[in-house]
Every structure is written in C-alpha cells, then in structure tokens.
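Only one chain is given next, in structure tokens, and it is the form predicted on its own.
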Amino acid sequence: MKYRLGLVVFSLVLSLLIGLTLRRGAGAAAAGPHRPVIGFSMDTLKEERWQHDRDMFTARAQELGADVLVQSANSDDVRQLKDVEALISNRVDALVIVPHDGAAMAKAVQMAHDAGIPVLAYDRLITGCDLDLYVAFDNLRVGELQAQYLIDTFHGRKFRVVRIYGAKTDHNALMFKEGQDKVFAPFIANGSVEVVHEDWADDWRPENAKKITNAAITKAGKNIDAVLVSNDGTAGGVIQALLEEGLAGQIIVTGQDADLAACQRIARGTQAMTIYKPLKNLTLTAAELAVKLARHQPVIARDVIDNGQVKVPAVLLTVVTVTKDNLESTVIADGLHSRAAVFPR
C-alpha cells in the first residue's frame, strides 16, 4: 500500500487541501474501525524541550483516540533508521519523525511509504524525499528575530559579534542562519556589524559551543559585544565560557526555545533573549494532524516548503521574542514555566 497526497490550491484562502488516497495492494483486507497507532521517532530526549514535546504530543493523540509509540535515537542516524523499522514492524498507521539528520531520514520516509504509511516531519524538515507533511515553527523568522534583536539593541552603533550556529545535520540550523543572514547582510556590508568569529556546534552540544566561544576569545580578545547563538542549550555553553572569563552579563547572548535554564539566565541578566516557540501549539497541531493522517482524513496546510525533491505541504507556526521585560506576559502567562521557577529566591 502507498499513500499519495494530492494538492488542491484554493485561490481565495491560499491554502492546500491535502487529500490522502489509499492505494490497496492485492488481497488487502478492508480496514474496519480501530484505534490508530502513531509512531513517533525522535532524535533525542536529552533536552528538556524534547521531553515536553513527547509528553504533550502523546497526551493529545490519546485524547483524540490514538495511541503513540515513542522511540528516541540519542542523535544517532543508524539507530533512528532502526527505530523507524521497528515502528513500521509494529504496523503504525502514521509516522512522525524528528530527524537527527534531515537528509539521512529520506530513507526512513521511503521505507514508510513502501509500507503504506504517511510521514509527518516534526519541527525539522526531511530533505530529498516525497515527504507528506511538515509541521514546524517559522524557522526563517526565528533567525530574523535573533539578528534583529541585536540590530535594535545597538541602535545603529557598530558592534562585534561571534556567531555560533547549530548542527550542520539539522536543516533548521541552516534556516536559522539564513534568517540571520537576511537581517545582517546590509549591516555587514556597511561595516556596522563585524563578525569576528563563527562556527557550527556539532549536535547542538553546549560543550561544543563553549569551545567555540573560547576560540573566539583567544582570536578576538575580550572586545566582543555579542554572541549570536541559535538555541538555549548552546547559549548555556557560551555563558559558561563567559563566566570563566568574567564576561557574563557584559556580552549580549541570544538563544531560542525558552528553556527554563535560559529564562532563569534572562532573569539574572547573563542571557539577553530567547525565542519562545509555544510548544503547546506545535505539539497539539502535530498530534491532531498525525491522527488525521492515520485515519486517512483530509488535512489543511497553508504553506509549502521545498525539500529539494518536492514542495512539501507545511503548517508553520509563529514565534515570539522573549526578554526580561516580557517573561511574565509570555512563558509565565502561558504556563510554560512558573514565576517561582523563573525567578528563584
């Protein structure tokens, strides 16, 4: 069996109706009512953020009458492919993948399609394949907001910045950088932004970000105004390096994900900002769409993303810049973190 997605563009609302057509193989029995099972293949559960995703996704799918089988690959491509094989063997009705390597997981999509299983890429794009659906935050916008925060903070004054990107294997890291580049380009061209050092933090590891920061200080000295960091985990490594140099709180550090540790650092003044991606919106939306895919129901997507092989129907959600000034009205008001946790005594 194989699922195919047909796209119908509505000119008035600029939306995509994703029609799922089940092609039954010879001798396939007609499917009766059953409780669908969704396979959730995750890159990692090491970070707090991904644990929240797993729990909220699973709870919402269960509310909708579906079960979820979760596998975590510990950032290992070979293991993630084996996880997908195991989920397919368990006869899941739909597959949701958070890829460690978006290119490597193209094989997983093909395996799922060969078994007649539709695939939703969650938060990170899977490239080079006939992917069915992509649900994520607007990652170009994340990068734009991070860079724009620095431009606005320095009010046109020249500043020297270190840029630390995420994992090269994560397509999102490329999109964050693309958004940052879009904002920075004219300011780099006129000399008001000087990039003194830049590098990629393998696997988004804080210790790798710390090493990059140490290398930047060795190269450029302490005359650094900001470190543009793509997520909160790596921002933690950057700030540890700055603490050791006596520079924490003196150099602006960006982030993303609104992790509790990052929000605490913002409250203390060692991190300047983070990008809040309301995980509840992402997980609930993805769970609802995954259940629809599993039940062969139509899905509405308003965007498309080119993954190098096809234009993938996409649902892209909005993000918010969080600073000390709006911690209360964003992450605390939404219940992501309590006030007592963000501002511990």
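On a predicted model such as this, the values are computed, not experimentally measured, just so you know. Residue numbers run from 1 along the displayed sequence.
The protein also exists as the form predicted in complex with beta-D-glucopyranose (BGC); that form is not presented, and the subsequent description refers to it.
> Can you check 290 to 298, 42 to 50, 64 to 72, 307 to 315 and let me know which stretch has heavy atoms within 4.5 Å of beta-D-glucopyranose (BGC) in the model of the complex?
In short, 42 to 50.
> Quick one: is Phe184 in contact with beta-D-glucopyranose (BGC) in the model of the complex, heavy atoms, 4.5 Å cut-off?
Because no heavy atom of Phe184 falls inside 4.5 Å of beta-D-glucopyranose (BGC) in the model of the complex, the answer is no.
> Any of the heavy atoms of Arg124 lying within 4.5 Å of beta-D-glucopyranose (BGC) in the model of the complex?
Close contact exists here: in the model of the complex, Arg124 approaches beta-D-glucopyranose (BGC) to within 4.5 Å, heavy atoms only.
> According to a 4.5 angstroms non-hydrogen atom cut-off, is Gln80 in contact with beta-D-glucopyranose (BGC) in the model of the complex?
No, Gln80 is distant from the partner.
> Taking any heavy atom pair closer than or equal to 4.5 Å as contact, tell me whether Asp93 reaches beta-D-glucopyranose (BGC) in the model of the complex.
Result no; Asp93 lies far from beta-D-glucopyranose (BGC) in the model of the complex.
> With the partner absent here, would Asp101, Tyr165 and Asp202 each sit within 4.5 Å of beta-D-glucopyranose (BGC) in the model of the complex, counting heavy atoms only?
No, the candidate spot makes no contact with beta-D-glucopyranose (BGC).
> Heavy atom within 4.5 Å of beta-D-glucopyranose (BGC) in the model of the complex: which residues of 206 to 238 meet that condition, in order?
Result: Asn231 alone.
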